[in-house]
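The chain below stands alone and is given as structure tokens, in the form predicted on its own.
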């Protein structure tokens, strides 16, 4: 069965306003589905039943809903929702000599730091999408493409696929094995042991787009500022202003 890109575009247009930062997402969604049509094993779907097909209107509608919902969700760090383990506090006091008051402060700060850390990977993908989309790279947001974050075609119309990680230690052996024998190339932003960045070691297919740490830092500041302002209009579970 041949993939109908025009159908994918039509379906995506129903979910996109195609204005502002969403300009180009209709084309991006269609190309992501085109990639899945050529690489059906790359579709990631938890439910074994009712797996959406990129060859049908109903399947495309399910995927489009996830795609645009994934793009529009906020990646602003949120307030912690879990309760810290009190034995961790006890271990810190006994092992490092912290006073109970210090431990209480550290617990809160640790939770906030973890909340922020969990968002950095998503913010990195958003930064790359902003910089790469004008050059024909398409973000596989929505969580339904296995082990691939960005795609595009080369001059020979062959697929290029990228997997992005924030740190060199942010995956286990089973997840890294997914790339073996595939076209997927991986890049990570920072080294966990030294804290050094890895922008100077971009794979060849990511070079030439002026991607760098300063640009990423500027993007994060701008995004978080914008999301905070948006939260004033649409209050949600966000960190309070200090």
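Residue numbers count along the first chain shown, from 1. For the two forms, the rigid core is made up of the largest set of C-alpha atoms that agree within 1.5 Å on superposition. Keep in mind the model is a prediction, meaning the values are calculated, not measured.
Absent from the display: the form predicted in complex with a further copy of the same chain. The rest refers to it.
- prompt: Which one, 154-162, 141-149, 98-106, 127-135, holds residues whose non-hydrogen atoms are within 4.5 Å of a further copy of the same chain in the model of the complex?
  reply: Checking each option against the 4.5 Å cut-off leaves 98-106.
- prompt: Does each of 81, 92 and 213 have at least one heavy atom within 4.5 Å of a further copy of the same chain in the model of the complex?
  reply: Every listed residue reaches a further copy of the same chain in the model of the complex, so yes.
- prompt: Of 207, 194, 201, 57, which one comes within 4.5 Å of a further copy of the same chain in the model of the complex, counting heavy atoms only?
  reply: Selected option: 194.
query: Just to confirm, residue 217 within 4.5 Å of a further copy of the same chain in the model of the complex by heavy atoms?
result: Looking in the model of the complex, residue contacts with a further copy of the same chain include residue 217, since a heavy atom lies within 4.5 Å.
field: a further copy of the same chain contact at residue 112 in the model of the complex, heavy atom, 4.5 Å
entry: Output for residue 112 is yes: heavy atoms within 4.5 Å of a further copy of the same chain.
- prompt: Looking in the model of the complex, any heavy atom of residue 122 within 4.5 Å of a further copy of the same chain?
  reply: Result no; residue 122 lies far from a further copy of the same chain in the model of the complex.
- prompt: Does at least one non-hydrogen atom of residue 42 fall within 4.5 angstroms of a further copy of the same chain in the model of the complex?
  reply: Taking the distances in the model of the complex, the answer for residue 42 is no, it never comes within 4.5 Å of a further copy of the same chain.
- prompt: Who in 34-56 is close to a further copy of the same chain in the model of the complex, meaning a heavy atom within 4.5 Å?
  reply: Read in sequence order, no residue approaches a further copy of the same chain (within 4.5 Å, in the model of the complex).
query: Against the rigid core, is the Cα displacement of residue 135 between this form and the one not shown at least 2 Å?
result: No; residue 135 is a residue whose C-alpha shifts by less than 2 Å between this form and the one not shown when the cores are overlaid.
- prompt: After a core superposition, would you say residue 74 shifts its C-alpha by at least 2 Å between this form and the one not shown?
  reply: Shift at residue 74: below 2 Å after core fit.
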